[in-house]
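Here we start with a single chain on its own, the form predicted alone, put down as structure tokens.
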Amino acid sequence: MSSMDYCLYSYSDLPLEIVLHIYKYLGYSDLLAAGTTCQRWRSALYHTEFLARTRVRFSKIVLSDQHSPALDLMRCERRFRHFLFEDVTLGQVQELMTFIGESAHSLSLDNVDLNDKQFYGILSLLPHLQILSVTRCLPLFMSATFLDSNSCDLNEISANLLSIKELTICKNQYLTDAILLRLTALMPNLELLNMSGCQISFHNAIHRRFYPNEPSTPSESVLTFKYIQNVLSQQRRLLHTLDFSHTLIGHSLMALCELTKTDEHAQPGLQLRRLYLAGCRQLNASTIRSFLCTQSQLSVLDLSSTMCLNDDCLAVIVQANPLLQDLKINACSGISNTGAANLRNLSRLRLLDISNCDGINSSGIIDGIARTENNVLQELNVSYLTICEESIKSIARNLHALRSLHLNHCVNAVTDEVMQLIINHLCWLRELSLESCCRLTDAALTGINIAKLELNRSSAIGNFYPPSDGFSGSLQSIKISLRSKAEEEIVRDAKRKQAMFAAYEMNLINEEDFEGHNIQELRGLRSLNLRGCNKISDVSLKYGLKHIELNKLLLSNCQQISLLGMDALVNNCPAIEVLDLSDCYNISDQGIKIITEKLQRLRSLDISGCSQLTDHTIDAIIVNCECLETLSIYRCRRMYTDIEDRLSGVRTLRNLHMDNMNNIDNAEFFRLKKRLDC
């Protein structure tokens, strides 16, 4: 086929099947952009698979049928399945909920101000609901007659609740035994129950106080584990996910062992696939061992911050739960290298979080998960571990399938050499976090040979710092033994900075200077955390960061970054949605102007501590930011003119963080509420 024949075709001629396959690799913002290219690509967005991936989120607004954004949604041709109401006040929403009910499969209510009557009305309009989440909705459960058949007609909502498979009722302090039983009785097919953060009474003495004579009517005053156990017993046939994170569950977990047995009606026992017990500090090792030995089908286990977890317990978990795919045991100080070494026996593990485990060091990594080649593990977090360079090298050489790698605060382990090895071997990385890895320099991200650069460019950049002979001679003449190593490091760092800056400003960096690997080789990188890497400069932003898919970049305390770097960044990484430039004190108003003009997808911007910024920065944000949701401007002392009033014009802004105020919601929220109240 000739080149002229190729010109006869365009991307709009691609078959729908190929377009759908391309869409599988795109995030939400990319999908929206792709849908604007042509009619065929737009119609692909209506495909069931992508509607299932999209969630409509209402945050910090007053919803009403008569005003935007409710009106905007009801004009939309697409029908969405998943909806989140976060910090929302409900006005008259009968038409909106009727529209949502035509397609809604999941509904999440987080800190929504609604009463039981409004709740009944909403549920009656959602006939296809399968997932219900009610979080921090305190007024809802304050009514003692919630879902009481004597005070309301349940016929309208009971049919809609039969199909619910997942129920989340976390962080609701007024939840009681009576409410829980009435609610779950209407949902006989539960597969997931999330009660994390609820105030559950586990002690038998409390149960005896409220139930002196058994059996008795469920209490309207307390939530006890014994009644939760009754609910689990009734739902155990289908239930496969439990979440009791951040509760006081301890020895009571043993009571669930009885539910794992087949009952007298030959009903199967409780067999969980996902169990979340993060932050449950009342647990002990024997309880965990005993219960997990009965759960051989577990694929996801979260025991983060459970202080009792030790090596023996972890060995039992590895042996009894060979199907584990996700394991979180971060901040479990009882685990040592012996326990970490056992993790290599989990052949199906895809996610592992062992961050903040003080007892694990390099040996635990080298003899454990990174001992042999592993093409299954995709996400690894070893942040805050006291490990050496060799352990990270083992990770890079053996864990080739990694998509996410967190190395935060591994100060001694992450060097330029290690970073070069990561870039060379872990080509599939999508998320890389290197917070406070302060030994990293521009050479780590660009592959530039700084020593050669200093040598070859010395004549061109000699004016940028004092002659080397005189400088070195003065050091030799002082000879302060206690400070000599520190002085040498300071001098080397100063020379490195001067050489890099001079070469950058004079455009003296050529192709032959790139002798190592460049972070550009991680073509699919979407999230990069370089907070506290204070040796990173504009050079990395110009010659390293060239990622069209990068949507999250954290550069806090990278104080050598300036307008030059920002100008290169916005052109090389146009898809950035989250940008952190806090405490980058060389950032100016002109830099923010460039950022807000070029980064059209920007949703979150943190410029706290950027002391050069003035009210001109606020002007640039107001004029250019059409998608901004979160803005942080702590310690920006030169901004002071009616900030909140001026930013109220940014209609998408939902969170404003500034000095002397915790959070300021969009002023449109209050204006709309005032109109509704009239």
Partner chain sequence: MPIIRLESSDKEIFDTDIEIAKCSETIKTALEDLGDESDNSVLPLPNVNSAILRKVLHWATYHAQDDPQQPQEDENKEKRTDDISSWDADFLKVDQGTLFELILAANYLNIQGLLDVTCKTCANMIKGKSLQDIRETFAIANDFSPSEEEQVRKENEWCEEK
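From a predicted model like this one, the values you see are computed outputs, not experimental measurements. We call the rigid core whatever largest set of C-alpha positions still superposes within 1.5 Å between the two forms. Numbering follows the first chain given and starts at 1.
FYI, the form predicted in complex with the partner chain isn't displayed, but the following is about it.
Novice: Going by a heavy atom distance of 4.5 Å, is residue 524 a contact of the partner chain in the model of the complex?
Specialist: Answer yes; at least one heavy atom of residue 524 falls within 4.5 Å of the partner chain in the model of the complex.
Novice: Is residue 69 close enough to touch the partner chain in the model of the complex, meaning at least one heavy atom pair within 4.5 Å?
Specialist: Yes, residue 69 is a contact residue.
Novice: Is the gap between residue 403 and the partner chain in the model of the complex 4.5 Å or less for some heavy atom pair?
Specialist: Yes, residue 403 is a contact residue.
Novice: Using 4.5 Å between non-hydrogen atoms, is residue 115 touching the partner chain in the model of the complex?
Specialist: Heavy-atom contact with the partner chain at 4.5 Å: absent for residue 115.
Novice: Just to confirm the contact call: exactly one of 382-390, 527-535, 312-320, 600-608 touches the partner chain in the model of the complex at a 4.5 Å heavy atom cutoff, so which is it?
Specialist: Selected range: 600-608.
Novice: Looking at 55, 638, 616, 47, which is the one with a non-hydrogen atom within 4.5 Å of the partner chain in the model of the complex?
Specialist: Selected option: 55.
Novice: Between the options 226, 128, 281, 430, which residue brings a heavy atom to within 4.5 Å of the partner chain in the model of the complex?
Specialist: Comparing distances to the partner chain in the model of the complex, the residue within 4.5 Å is 430.
Novice: If you look in the model of the complex, which residues in 60-83 sit within 4.5 Å of the partner chain (heavy atoms)?
Specialist: 68, 69, 72, 73, 75, 76, 78, 80, 82, in sequence order.
Novice: I want to check residue 627: does it shift between the shown form and the other one by 2 Å or more at the Cα, with the core superposed?
Specialist: It does not reach a 2 Å shift.
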